[in-house]
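Just the one chain here, the form predicted on its own, laid out as structure tokens.
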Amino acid sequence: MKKITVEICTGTTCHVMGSEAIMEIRNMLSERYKESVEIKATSCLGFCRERQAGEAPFVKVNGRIVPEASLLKVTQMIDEIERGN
């Protein structure tokens, strides 16, 4: 099975807007995702400069941008990808 990659922006704006809390997803993922999800902290993704991309914090899940990211939104995106959506 191909891994799902979660890239959490840790640039200044995303950090201030709560990306640090999203890093907790490592501890919150259910056991079934522990082997199939790779969590990475990444430097600024640059989306905060593009208003059309939404608001910080930003996370990329398999290349899909999650604006105003939260633990719930990121977990929902992982679930969608796991279901094949």
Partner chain sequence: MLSDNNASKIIKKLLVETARLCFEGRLEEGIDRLVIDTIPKKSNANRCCVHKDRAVIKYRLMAILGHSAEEEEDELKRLSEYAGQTLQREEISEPVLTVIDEACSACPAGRHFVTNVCRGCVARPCMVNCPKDAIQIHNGRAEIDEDKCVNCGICLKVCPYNAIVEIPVPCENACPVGAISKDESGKEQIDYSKCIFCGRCMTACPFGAIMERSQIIDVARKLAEGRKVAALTAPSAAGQFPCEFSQLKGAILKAGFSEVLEVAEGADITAKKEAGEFEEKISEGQKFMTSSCCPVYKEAAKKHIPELCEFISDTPTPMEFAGRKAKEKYPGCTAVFIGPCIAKRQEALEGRSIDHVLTCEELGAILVAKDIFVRETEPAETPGQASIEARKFGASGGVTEAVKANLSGNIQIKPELIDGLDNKNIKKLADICTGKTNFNFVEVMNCKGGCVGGPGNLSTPARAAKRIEKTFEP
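Numbering follows the first chain given and starts at 1. Predicted, not measured: the structure shown is a model, and the values here were computed from it.
The same protein also has a form predicted in complex with the partner chain, omitted here; what follows describes it.
Visitor: Can you check whether Ser36 is within 4.5 Å of the partner chain in the predicted complex, heavy atom basis?
Guide: The answer is no: Ser36 has no heavy atom within 4.5 Å of the partner chain.
Visitor: How about Cys48 - does it come within 4.5 Å of the partner chain in the predicted complex, if we only consider non-hydrogen atoms?
Guide: Cys48 belongs to the contact set for the partner chain.
Visitor: Given that the partner is absent here, does Ser30 sit within 4.5 Å of the partner chain in the predicted complex, heavy atoms only?
Guide: Ser30: no, not in contact with the partner chain in the predicted complex.
Visitor: Decide whether Val74 counts as a contact residue for the partner chain in the predicted complex under a heavy atom distance cut-off of 4.5 Å.
Guide: Residue-level check for Val74: no, no contact with the partner chain.
Visitor: What residues, if any, in 14-29 have a non-hydrogen atom within 4.5 angstroms of the partner chain in the predicted complex?
Guide: The stretch touches the partner through His15, Val16, Met17, Gly18, Glu20, Ala21, Met23, Glu24.
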